[in-house]
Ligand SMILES: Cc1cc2nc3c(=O)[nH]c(=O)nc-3n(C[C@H](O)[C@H](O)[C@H](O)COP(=O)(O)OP(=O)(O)OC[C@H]3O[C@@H](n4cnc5c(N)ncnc54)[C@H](O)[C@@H]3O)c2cc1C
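Below you will find one chain, with nothing else, as structure tokens; this is the form predicted alone, and questions on how it binds or moves follow later.
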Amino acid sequence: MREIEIAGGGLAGLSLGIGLRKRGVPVLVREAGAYPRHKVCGEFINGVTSETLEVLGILGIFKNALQHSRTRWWIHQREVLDIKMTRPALGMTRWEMDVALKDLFMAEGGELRTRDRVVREGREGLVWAAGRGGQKESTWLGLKGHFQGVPLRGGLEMHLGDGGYVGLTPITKDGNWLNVCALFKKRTLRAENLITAYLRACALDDLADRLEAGELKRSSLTGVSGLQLGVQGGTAGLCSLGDAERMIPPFTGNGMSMAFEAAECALQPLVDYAQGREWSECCAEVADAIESRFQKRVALALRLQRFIETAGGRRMLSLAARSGLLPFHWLHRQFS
């Protein structure tokens, strides 16, 4: 049986590797970093089904995950939405999740090499799941950090401001620790706490005050720039998954779900390749499955992203939500 080589030991790469190993396929995962690590993400999974996790063989990892069933939205200091989600989101830090996936992959007999960079090239048997490519012209900056002693106002919080938005997610059952993940338009700011500095620049002063009353775990502060939302630039002959293939705007909370869903899309075609199918046919089937599953979802999210970037769009969103005209449940189903 042919070996599959996966560049990138994140959610898409490790979950795919586990699914392949459970089907007897030899797998090598090559990860440029090491474990455990912090990543810029909301640290909750909105959208993934138990069926997808079961197909990949990773459902057990989430048996003790937090269950988030409520979300509240603010525009500046005005609350515009407080609603129960159609399907609970799963809560777990990337620090825990990546390690759990790594350990399960190795327990299934997979080979893992850390601190091992791979040349991006289209070649037979290589799956690229090493994250998004850099976009120097991008105006976006992603920031994430863990805070202690900041009281949540219930459920998953989303705050929209002038030039950015931020989500707050509890990451412990007692609610004493929370994850703060934000997407901002880049500015020239220098501050000891860059997250709260950006919040004030976005006219989210109340939220900045609340975070400053708590304590930031400095080692958790992580940033990423050069973000390009939507479909990423491809390489001929390369089978790409997860953020390396396309990125959905983070306000949806759907990015981690898409990583697992993309692994599910690739699983059977790669098993077929390992058993003798032509590589080009495998890559085409994976690309078609990913396009079919994600094209409409990401296109809708990009339109909404452009809408909430503008002051007029935020005013319309606020009016629709407070009037009961915002089709939140329909929108939530599109991303879950």
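Bear in mind that the values here come from a model prediction, so they are computed numbers and not experimental data. When you see a residue number, it is the position in the sequence shown, counting from 1.
A second form of this protein, the form predicted together with the named molecule, is not displayed here; the remarks below concern that form.
Enquirer: Pick from 206-214, 190-198, 253-261, 147-155: which stretch has a heavy atom within 4.5 Å of the named molecule in the model of the complex?
Expert: So the stretch in question is 253-261.
Enquirer: Taking Arg94, Val118 and Cys181 as a possible spot, do all three reach the named molecule in the model of the complex with a heavy atom inside 4.5 Å?
Expert: Checking in the model of the complex: Arg94, Val118 and Cys181 are all within 4.5 Å of the named molecule.
Enquirer: Go through Cys265, Cys202, Ile75, Ala130 and name the one with a heavy atom inside 4.5 Å of the named molecule in the model of the complex.
Expert: Here the answer is residue option Ala130.
Enquirer: Among Gly33, Pro36, Gly60, Pro26, which has at least one heavy atom within 4.5 Å of the named molecule in the model of the complex?
Expert: The option sitting close enough to the partner is Gly33.
Enquirer: My question is simply whether Leu227 lines the interface with the named molecule in the model of the complex - judged by any non-hydrogen atom within 4.5 Å.
Expert: Heavy-atom contact with the named molecule at 4.5 Å: present for Leu227.
Enquirer: Would you classify Leu16 as touching the named molecule in the model of the complex, given a 4.5 Å non-hydrogen atom cut-off?
Expert: Output for Leu16 is no: heavy atoms all beyond 4.5 Å of the named molecule.
Enquirer: Though only this chain appears here, would Cys41 touch the named molecule in the model of the complex if you measure heavy atom gaps against 4.5 Å?
Expert: Yes - in the model of the complex, heavy atoms of Cys41 and the named molecule come within 4.5 Å of each other.
Enquirer: Residue-level contact is defined here as any heavy atom of the residue lying within 4.5 Å of the named molecule in the model of the complex; does Met247 satisfy this criterion?
Expert: Yes, Met247 is a contact residue.
Enquirer: Using a 4.5 Å cut-off on any heavy atom, which residues of 267-289 would contact the named molecule in the model of the complex?
Expert: Heavy-atom contacts to the named molecule in the model of the complex: nothing from 267-289.
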